[in-house]
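What follows is one chain in structure tokens, specifically the form predicted on its own.
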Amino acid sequence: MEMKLPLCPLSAVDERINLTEQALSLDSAFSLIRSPDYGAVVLFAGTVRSLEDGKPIHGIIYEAYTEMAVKEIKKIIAAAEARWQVKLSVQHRLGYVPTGEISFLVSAAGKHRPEAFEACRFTVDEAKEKVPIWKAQYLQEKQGVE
């Protein structure tokens, strides 16, 4: 079930924010920001590791305060786009995400590489610090089950 919020008025930035229980796609992230005006595209994909705190897991459950998360992401995107003259997209999986799958995806397009890289890193770091999305539970591998 997709948890994309219809915010009023709907802006172009709203179309580039996605909090969803569906799998995230690198192709989709690229298509949201690509433009003939930009020559550099940077994609960051955070995936679920098979170990968490040294323990084997098979997935993570993510929860969010969705309305506040979208507001915070919009602020982060606005700050980065103004500072580096780039176009950004932020997507995050909610619910159960198995190991190896993408849970967090940030894409940045800029006229040149330095701006795209800096804006992407800033957006990742700010989102991890300020957006109310958290790991609700680690799911442990069952021992002795094949």
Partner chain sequence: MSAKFLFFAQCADWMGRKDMEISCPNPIKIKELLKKTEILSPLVNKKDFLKVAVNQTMADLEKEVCDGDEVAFMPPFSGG
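Numbering follows the first chain given and starts at 1. Just so it is clear, the structure is predicted and the values come from calculations on it, not from any experiment.
Another form, the form predicted together with the partner chain, is not on view; read the next lines as being about it.
Contact with the partner chain in the predicted bound form holds for all three of Glu63, Pro132 and Lys135, each having a heavy atom within 4.5 Å.
Contact with the partner chain, judged by heavy atoms within 4.5 Å in the predicted bound form, is confined among 76-84, 114-122, 100-108, 32-40 to 100-108. Interface membership of Leu26, defined by any non-hydrogen atom within 4.5 Å of the partner chain in the predicted bound form, is ruled out. Interface membership of Met68, defined by any non-hydrogen atom within 4.5 Å of the partner chain in the predicted bound form, is confirmed.
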